[in-house]
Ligand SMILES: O=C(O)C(=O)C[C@H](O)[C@@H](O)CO
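The form predicted on its own is given below as one chain in structure tokens.
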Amino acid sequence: MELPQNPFKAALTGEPRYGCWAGFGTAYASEILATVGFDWMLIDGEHAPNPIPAVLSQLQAVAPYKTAPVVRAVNHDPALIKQLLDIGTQTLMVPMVDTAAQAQALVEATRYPPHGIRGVGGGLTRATRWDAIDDYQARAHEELCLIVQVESRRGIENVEAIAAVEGVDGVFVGPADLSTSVGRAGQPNHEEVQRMIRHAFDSIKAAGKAAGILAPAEDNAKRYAEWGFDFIAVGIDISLMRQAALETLARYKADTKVPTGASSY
């Protein structure tokens, strides 16, 4: 059996790729999302109730569809990263990366020795198709895509060095955490925050890496697409459901308060 191609990595060709956060933590909801037509979706293990078995079931559920899955780990734990890779994660996003040393450690967590510290699961793992992929250990890195998140003042200060780390394929900017870290909570469009996002974007592209961002508000998403961001999350499934539910209820109950738009993040 051939090593499966990573559809997310293959799609990073310079055009904006639009995705959606999957936060319900169930395969049923993620499969529905995969039928819509988003280029990619994030199975969120940081802020959603997604332990390893839940991530596995969602990877299996969305596998037949064109929407490429990205899995976000909750932290930098190499043991957790090993498990996520072993169940078949090919594109991994890791939050709160502040230094090049942290980024380098994450690269090593995704590589087998002598280039890293990933443990060998062999026939026990879905990633190897239970030993059906003969050269998996030698070639796994070719189809892995590591995305590190820069979402703090310190991360922005070190973004050039982070983006330059070999083995980092993309850098994702987190506007909510970034704005909060600089004392502008809930204000990702503040000029100070926007300057930092622009600096991050320019640094990422100068390093030849893919740049991503979360932008549920339409104006923000369009602006970031014009800048040249490679992958943009334009929705969050939980927020979309809540918004639609409120709009439906408002047709029948006049006192229903409906938000005027998507969260700015």
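Numbering starts at 1 and follows the sequence shown. What you see is a predicted model, and the numbers here were worked out from it, not measured in a lab.
Just so you know, the form predicted in complex with the ligand exists too; it's not on screen, but the next bit is about it.
Site accessibility, open: after C-alpha superposition of the site, the ligand as positioned in the model of the complex shows no atom within 2.4 Å of the backbone or C-beta atoms of the displayed chain. In the model of the complex, every residue of the candidate spot (Glu46, Gly174 and Asp177) has a heavy atom lying within 4.5 Å of the ligand. Contact check for Leu214: a non-hydrogen atom falls within 4.5 Å of the ligand in the model of the complex. Residue contact with the ligand in the model of the complex: Gln149 places a heavy atom within 4.5 Å of it. Interface residue remark: Arg118 is not counted as part of the site for the ligand in the model of the complex, having no heavy atom within 4.5 Å. Not displayed here, the ligand is approached by Ile236 to within 4.5 Å at the level of heavy atoms in the model of the complex. Heavy atoms within 4.5 Å of the ligand in the model of the complex belong, among the stretches 46-54, 61-69, 203-211, 29-37, to residues of 46-54. Residues are counted as partner-facing when one of their heavy atoms sits within 4.5 Å of the ligand in the model of the complex; in 1-30 only Trp21 qualifies.
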